[in-house]
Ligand SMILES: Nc1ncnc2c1ncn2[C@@H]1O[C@H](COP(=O)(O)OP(=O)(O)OP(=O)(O)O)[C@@H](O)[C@H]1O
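Given next, in structure tokens, is a single chain: the form predicted on its own.
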């Protein structure tokens, strides 16, 4: 299957009196349509990996070396204009939901169209009818019923806010979805509901999906391919069918050097 994402010799160092190496010589090939779970303890480099793919780490003045090819184009060498174009095909879902609570559920979903509609139009609430209809469908797709679309986002539960985040990403018609610990703040039942939404979208629409997870139970339940990070290095990369469940947690979360 064709590779949609190729990460080669990627290293990320955060500045400081004592610079911190968050990722070291990471190499990954992600095929189009794959569903990949990145596993590891806090501080293993999971968030940095996803933030490096769309260059969000630059907000923290990180030094990035290596290459990240998305659809054959090196993200790290892209101009600002080229980067905007690349990001328009990459949906990013945050742990903290990142909804604007004073805005309606519908408007929050519509912010996923910023790359095509424009900032001023979005601020004035001037969205094309076709985009509004698409937002309604995206929200219903993730389990937010039509009567709630006009509610302020502040009235939603944490799980509902995360679903709005998924709908917002779908508005981009992405080829790649990156989700950084999207269920970390949710109770187990809600976490499974949200993970099933990701799974369904991947299976039905073929959108390549990379999700960071800390919970080993969810990792093993939903991961079709598991990439394990420890201290910024890839120490584990296997399809779920090749995983020994008895040693899985020790490989990823144990105190040793990994396998």
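The structure presented is a predicted model; accordingly, all values stated were derived computationally and were not measured. Residue numbers count along the first chain shown, from 1.
Omitted from view is the form predicted in complex with the named molecule, to which the following refers.
At a distance of at most 4.5 angstroms from the named molecule in the predicted complex, none of the three residues 4, 34 and 219 contributes a non-hydrogen atom. Just one of 42, 65, 196, 27 comes within 4.5 Å of the named molecule in the predicted complex, counting any heavy atom, and that one is 42.
The stretch among 220 to 228, 44 to 52, 200 to 208, 187 to 195 whose residues place heavy atoms within 4.5 Å of the named molecule in the predicted complex is 44 to 52. Within 4.5 Å of any heavy atom of the named molecule in the predicted complex lies no heavy atom of residue 236. Among residues of the shown chain, residue 20 is one whose heavy atoms approach the named molecule to within 4.5 Å in the predicted complex. Residues are counted as partner-facing when one of their heavy atoms sits within 4.5 Å of the named molecule in the predicted complex; in 51 to 68 only 60 qualifies.
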